[in-house]
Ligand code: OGA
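Here you get one chain, nothing else, as structure tokens; it is the form predicted alone.
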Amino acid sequence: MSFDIRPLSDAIGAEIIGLDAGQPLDDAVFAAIHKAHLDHQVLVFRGQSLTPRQQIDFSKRFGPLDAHPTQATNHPDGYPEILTVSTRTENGKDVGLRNAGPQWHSDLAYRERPALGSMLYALELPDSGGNTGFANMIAAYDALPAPLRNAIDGKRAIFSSKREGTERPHPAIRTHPETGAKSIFVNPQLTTGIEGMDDTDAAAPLADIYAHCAEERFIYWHCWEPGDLIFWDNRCVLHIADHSRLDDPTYIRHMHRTTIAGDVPY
């Protein structure tokens, strides 16, 4: 199976053209995709037509899957590995997670083993809006001003989830387990402080780091096309969803997400 890899921006990301993720992949093809994912951090597989089972099987090539804590928004037809991200309603109720990712974050960062990566597959898209931003935290770390780097280097950030009632520290500067690259591992949606620091003292450097990470030079904004499947590396990428039309009843954005389980950050 042959395919092309085309960078999407100078900051992050590449698109994969000509690969059918619904078909079995031999080891050589998988190795090439895996390398591309490590090289570009975000991969966009164009023109896919996937059943839930095919998305699950493709995702599992990269590791065991992690269930989302909001079980009520999992796929209703016997696929608990799939989280439904949707603005659809049925009988007055949301069929999926409506307001997913309103701030920059990495998925499940509050768990002992945060997600390795996530795959989001577009089934239905609005005529406008609903873009997703991806930010390169390796590049952001490399460009981090010395005072901000010194403020968090060697420290552990506190991550919290109100939904799960958990709080857990992880290194604020994380080392990628496969490439050895260092990246910023804090985010405004889930990070609540720095271990051993008063919250007031931690607020200013964290706010400055968040502003640094959100600079356009580190970001690729993806405008979705039908059949797009995006796989991003949660270990070194932040992402955010554009929800500017969330209250518009004509705005339909319906997607399936699988999440690959990760390891303990160090």
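All values reported here derive from a predicted model rather than from experimental measurement. Note that residue numbering follows the sequence shown and begins at 1.
If you look for the form predicted together with this ligand, you will not find it shown, but the lines that follow are about it.
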With the partner omitted here, the residue among A157, I82, L120, A135 that in the predicted complex has a heavy atom within 4.5 Å of this ligand is L120
Of V237, A202, A241, I56, the one that lies within 4.5 Å of this ligand in the predicted complex (heavy atoms):
A241
W232, R253 and R257 each touching this ligand in the predicted complex (heavy atom, 4.5 Å)
yes
Is H105 close enough to touch this ligand in the predicted complex, meaning at least one heavy atom pair within 4.5 Å?
yes
Evaluate P171 for contact with this ligand in the predicted complex, applying a 4.5 angstroms cut-off between non-hydrogen atoms, and reply yes or no.
no
Partner proximity in the predicted complex: A109 to this ligand, non-hydrogen atom cutoff 4.5 Å
no
Considering non-hydrogen atoms and a 4.5 Å limit, does this ligand approach I184 in the predicted complex?
no
Which of 172 to 180, 159 to 167, 109 to 117, 95 to 103 has heavy atoms within 4.5 Å of this ligand in the predicted complex?
95 to 103
